[in-house]
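What follows is a single chain, given as structure tokens, in the form predicted alone.
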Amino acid sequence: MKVVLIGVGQAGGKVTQSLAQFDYDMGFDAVRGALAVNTARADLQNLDIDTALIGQDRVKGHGVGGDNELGAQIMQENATEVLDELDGRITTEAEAIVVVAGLGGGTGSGGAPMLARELKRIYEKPVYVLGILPGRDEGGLYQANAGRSLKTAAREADSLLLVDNDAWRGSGDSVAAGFERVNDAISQRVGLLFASGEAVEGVGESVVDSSEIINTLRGGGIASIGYASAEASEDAGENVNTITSVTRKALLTSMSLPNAVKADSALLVVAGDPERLSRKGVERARRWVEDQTGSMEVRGGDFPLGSDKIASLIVLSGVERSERVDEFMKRAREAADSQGGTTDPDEFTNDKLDGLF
């Protein structure tokens, strides 16, 4: 799937650069443009991708200090400038636009949903938001920001692909190491998703193409992604159980939104050497995903990739009714209350989130 990436805020810019670098290193050529947008000049200086500094008249290049309402206002005021930067990058070849942001900060959490709205107004392509939830240890302001931003992003985007920062961090990681691990995990999983259908080596039996990704996410709401891999036997017949095993591991232990299994639709992509992939194994794993998710809309197929390993990539769409989302929204509500001021009783309830879709 050919995509254009737009990173908003500090985390959004870093993850966008990681995704673009992974795509380049793997030779997938799925990323057709990458731009980082921020209100803080310092956060753009170490990025190798193209950048755009906005809101200089309001914050003088110093960022919004975690104020996501200000971040949204600045994006609204500077939307034309950002769209001008994108002029020529979003061509007919691009099949989707992906806005990447950390949902806890100010520029990303406020600006990303606003930018998604403007992009949808102008382009007929799907506009997705790849949103990263703050970890439990990142402070109340970030929790409250993310609770508000999650709901707004889910409403404005065609789909919100959600990553829980705590899902892929190691227990002994420092903050910096934890962020690096999460960035690498996002790049690998989302990068492989974008590349699905682009046959790098060989021809698969039932290759996944971009339309299946788009159709899986068509229902909107919140989506999550998981991945697992294992060494493959040279005999495809011996890999039937391997495919099932890595699919179970991807769904049950490696999703970007843990403990959120029930879904409206799903996509299973099994990647590996075409000579080692078993169609029987892929179909058996697909049926297992149907049973686990309760969805009758589970697509499945191959991604031919020169490797000694077999990997399963799973995308779940429509997981906003999960206990994990309920748990986070409760945490965000408590964080907002602890900061004082007035809080809309419906602002952090999942019932209202559910009603958006």
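Keep in mind that this is a model prediction, so the values were computed, not measured. The numbering used is simple: start at 1 and walk along the sequence shown.
Not on display, but discussed next: the form predicted together with a small molecule.
- Judged against the small molecule in the model of the complex with a 4.5 angstroms heavy atom cut-off, the residues G9, N165 and V182 are in contact without exception.
- Using a 4.5 angstroms threshold between heavy atoms, E138 counts as touching the small molecule in the model of the complex.
- Though the partner is left out of this view, P113 does not reach within 4.5 Å of the small molecule in the model of the complex, counting heavy atoms only.
- Using a 4.5 angstroms limit between non-hydrogen atoms, R333 is distant from the small molecule in the model of the complex.
- With a 4.5 Å cutoff on heavy atoms, G104 counts as touching the small molecule in the model of the complex.
- Only one segment in the set 279-287, 261-269, 129-137, 188-196 has any non-hydrogen atom within 4.5 angstroms of the small molecule in the model of the complex, and it is 129-137.
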